[in-house]
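This document opens with one chain alone, in structure tokens, the form predicted alone.
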Amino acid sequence: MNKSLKMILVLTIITIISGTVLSYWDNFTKPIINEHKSNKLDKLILEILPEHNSIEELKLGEYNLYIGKQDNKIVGIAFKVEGGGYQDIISMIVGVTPDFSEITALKILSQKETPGLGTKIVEDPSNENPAWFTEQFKNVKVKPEIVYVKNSKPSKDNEIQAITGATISSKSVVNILNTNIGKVKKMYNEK
């Protein structure tokens, strides 16, 4: 057997073994990862919804709505939304009032924005309050639509301040919310 054939045979065997090990490892870790994501989502839903004593889950198309109730009265609705950011998909969970008129809370679930700039949508270490970006959405009106302002404080109840140097990421969050809240409200009202 010549040297080239031996090398091809050895590399083929190594590739088969490596692929088998990686496949097994993926099958082993996938349920653990999914359980962790589910627990994280459950925890965030509890944080997003106003004070409640029960949660009702409702499936509307591609959305899972988590309806918080206090003594059988709806106090808030939470759901996961996602859309394109600067580099990849931004995934968030948003809480709204029962009439979908304002946001009660917002948390970023996952993002792959530019480190040090776009990642400030989750945490801004240069600010006194690292979570200032998502916290500013609390009590923001969604009608006529949420808008962002650059280099100034919001002056209207439907405005948020964009992150300096990460306007595209800020704009993406606003666009994702405007698009999805409107769609969910329409589906919810038709149901």
Partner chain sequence: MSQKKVTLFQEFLKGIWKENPILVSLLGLCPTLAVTVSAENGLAMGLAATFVVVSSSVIVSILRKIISPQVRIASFIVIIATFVTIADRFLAAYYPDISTNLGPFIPLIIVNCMILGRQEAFASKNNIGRSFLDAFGVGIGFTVVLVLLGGVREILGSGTLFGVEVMWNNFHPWAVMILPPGAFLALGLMIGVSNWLNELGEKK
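Residue numbers count along the first chain shown, from 1. Quantities reported herein were computed from a predicted structural model and do not represent experimental measurements.
The same protein also exists as the form predicted in complex with the partner chain; that form is not shown, yet it is the one meant from here on.
Enquirer: With the partner chain left out here, work out from 149 to 157, 28 to 36, 135 to 143, 66 to 74 which stretch has heavy atoms within 4.5 Å of it in the model of the complex.
Expert: Selected stretch: 28 to 36.
Enquirer: With heavy atoms only and a cut-off of 4.5 Å, decide whether S91 touches the partner chain in the model of the complex.
Expert: Taking the distances in the model of the complex, the answer for S91 is no, it never comes within 4.5 Å of the partner chain.
Enquirer: Applying a 4.5 Å heavy atom distance criterion, does K186 contact the partner chain in the model of the complex?
Expert: Taking the distances in the model of the complex, the answer for K186 is no, it never comes within 4.5 Å of the partner chain.
Enquirer: Heavy atoms within 4.5 Å of the partner chain in the model of the complex: does K191 have any?
Expert: K191: no, not in contact with the partner chain in the model of the complex.
Enquirer: May I ask you to check whether P115 falls inside a 4.5 Å heavy atom distance of the partner chain in the model of the complex?
Expert: The answer is yes: P115 has a heavy atom within 4.5 Å of the partner chain.
Enquirer: What residues, if any, in 6 to 36 have a non-hydrogen atom within 4.5 angstroms of the partner chain in the model of the complex?
Expert: Going through 6 to 36 in order - heavy atoms within 4.5 Å of the partner chain in the model of the complex - the hits are K6, M7, V10, L11, I14, T15, S18, V21, L22, W25, D26, F28, T29, I32, I33, H36.
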